[in-house]
Structure formats: structure tokens, C-alpha cells
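Just the one chain here, laid out as C-alpha cells, in the form predicted alone.
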């Protein structure tokens, strides 16, 4: 089947095309995942809506409530952003672990999130940063917390006439420390397990946790927050014993599957190990620097 390429000049034209083609047309950002799926005949859209010319989907803006990241920012641009390195260094650190140099140069944050491939590096981090997806259709827009945006295996809350425009993240709390750890067969592979933590220290109790956020990828059909583990860590002193118990608890919150790369049991065990490691690294950064620069 012939596939039509549409190159809108601006967001209004892109949204009009999205409305016109709905299920038969797909937005294409970097194309690193979509083109592979088309080549393998997993999807056969009648039209591709090329988002590359749409300037409204670019840029990284600092706002009073947080940071707004355009969906068309590439992983390379996330890595190079002084704003992100200063405020949320865990995000460029995760972007640096996405596949190969070629993929990082072309692959976008919006494409990574919308594709929702198990083991992708950015979703766990964006979850731990309390990210929100800013969606638009031709007539209006809406915001969806990322923990509600990921709905199933390769599925999201994005409707057929919508475009993901931006990802908004909060300014991290004072002295927060962020860590992302990836366990993979090789550095360019998807994560067997990817763990992102953001730890906020208690200003009144040295070593204690005021808040902890844990994003997990690769260990369930969708990336998720380990909310019960986060609640258990609140107020606790973060030492090796606490981190080990948190890893064990987090492993009960996931629902891994088995594939040729790893069994379900192995993935669950790696959640235990890497949650513990990530928490201890975050604690070490807080102790060493007095703050973590999440």
C-alpha cells in the first residue's frame, strides 16, 4: 500500500492532518522505531505526518512551575541542554544511555514516550520526575500524568486525532538526588530493567528521606511507579538495610514477562538489585555534596 508523506508547516496544519487521517495516519518524529515497524510490516499507515518542520514542538522552556520540553527534542539535545543538566541531570544521564549515537541524534523524547516500548530508557525517569504529557487535538488540548499515559504493551492514552506536544516536569525539590541505572545485555540494547530514583532528603533529620520516587521500566507491560515502596521509604533513614528492603518490596510491585533476553524471575530479581543500588547511589550523592541536583 502506498504511504503518503505530509509535511505540515506548523502545528495547526499537523493537527488538521491528524484529524483528517486519524487511524490511517501516524505522526513521525525521529522515525527510529516507526520506520522499523513499517519495514517489518507491523504497521501500514496510509499517511505519515512529518513533525520535523513544526517549530512549536521544539525548545526547552523554564517556567515557574517546572520545565517544559518540546516533544521533538532529540536525545542529543536533552544531553546538551544546560538547563536539564543543572536542574534534572538524571534526564540527560538517561538520554545518554539510549541506544547508539545515530539513534540519539535522531530519536526524540516524544517518539520515545509515544512508542512506549518495554525497556525504553526515558519513561522511568520521566515518571520519577512527575512528568505530564501535554496533548493537543485541533479543537482543544489536555494534560495527562505519565503514570496514566502508559496504558498497555506499546499502548498509550494518545487518541488518534491527538499529537503529543510537550512533556512537562516539575522543578525538583531542594537538594533532591536523581539516579538512573540500566541493566542490559549491551549498552545499545533496551533495558532488561531500568530504574530511576529521585530522593529528597529530610532537612531536619540527616540521612532520612522526605520523599522518594521510583520509576521502573522493562519489568511490566508498561513503565510504572513503585508507589508502595515510595510510601515505605518516607521518613526512613536511607542506609544499606533500608535500600535492600526497598528493593525487595519494589520487586513485588512489578509484573515482568519472559522473553529470549531474560526470564520473568530474572527481571524481578534485577529490580531488587538495581533499586537498592540506585537508592544507595542517591544517598551517596546527597551525603557527598549536601545536595543531589536531581
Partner chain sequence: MALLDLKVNGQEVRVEAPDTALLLDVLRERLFLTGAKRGCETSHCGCCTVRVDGMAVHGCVVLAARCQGKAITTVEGCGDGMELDRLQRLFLEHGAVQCGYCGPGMLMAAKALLERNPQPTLDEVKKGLDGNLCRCTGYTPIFDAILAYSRGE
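In this text the structure is predicted, and so the values were computed from the model without any measurement. Residue numbers count along the first chain shown, from 1.
Beyond the structure shown, there is the form predicted in complex with its partner chain, which is absent from this document and is the topic of what follows.
Student: Just one stretch in 63 to 71, 233 to 241, 46 to 54, 251 to 259 has heavy atoms within 4.5 Å of its partner chain in the predicted bound form, so which one is it?
Tutor: Single hit among the candidates: 46 to 54.
Student: Among 183, 136, 76, 171, which has at least one heavy atom within 4.5 Å of its partner chain in the predicted bound form?
Tutor: It is 76.
Student: Is its partner chain close enough to 42, 158 and 164 in the predicted bound form that each of the three has a heavy atom within 4.5 Å of it?
Tutor: Not a single residue of the candidate spot has a heavy atom within 4.5 Å of its partner chain in the predicted bound form.
Student: I'd like to know if residue 83 sits close to its partner chain in the predicted bound form, meaning any non-hydrogen atom pair within 4.5 angstroms.
Tutor: Result no; residue 83 lies far from its partner chain in the predicted bound form.
Student: Wondering, does residue 99 line up within 4.5 Å of its partner chain in the predicted bound form on heavy atoms?
Tutor: Yes, residue 99 is a contact residue.
Student: Would residue 264 sit within 4.5 Å of its partner chain in the predicted bound form, counting heavy atoms only?
Tutor: No, residue 264 is distant from the partner.
Student: Within 4.5 Å, heavy atoms only: does residue 151 come near its partner chain in the predicted bound form?
Tutor: So residue 151 does not count as contacting its partner chain.
Student: Output the sequence-ordered list of residues from 161 to 188 with at least one heavy atom within 4.5 Å of its partner chain in the predicted bound form.
Tutor: The stretch touches the partner through 188 alone.
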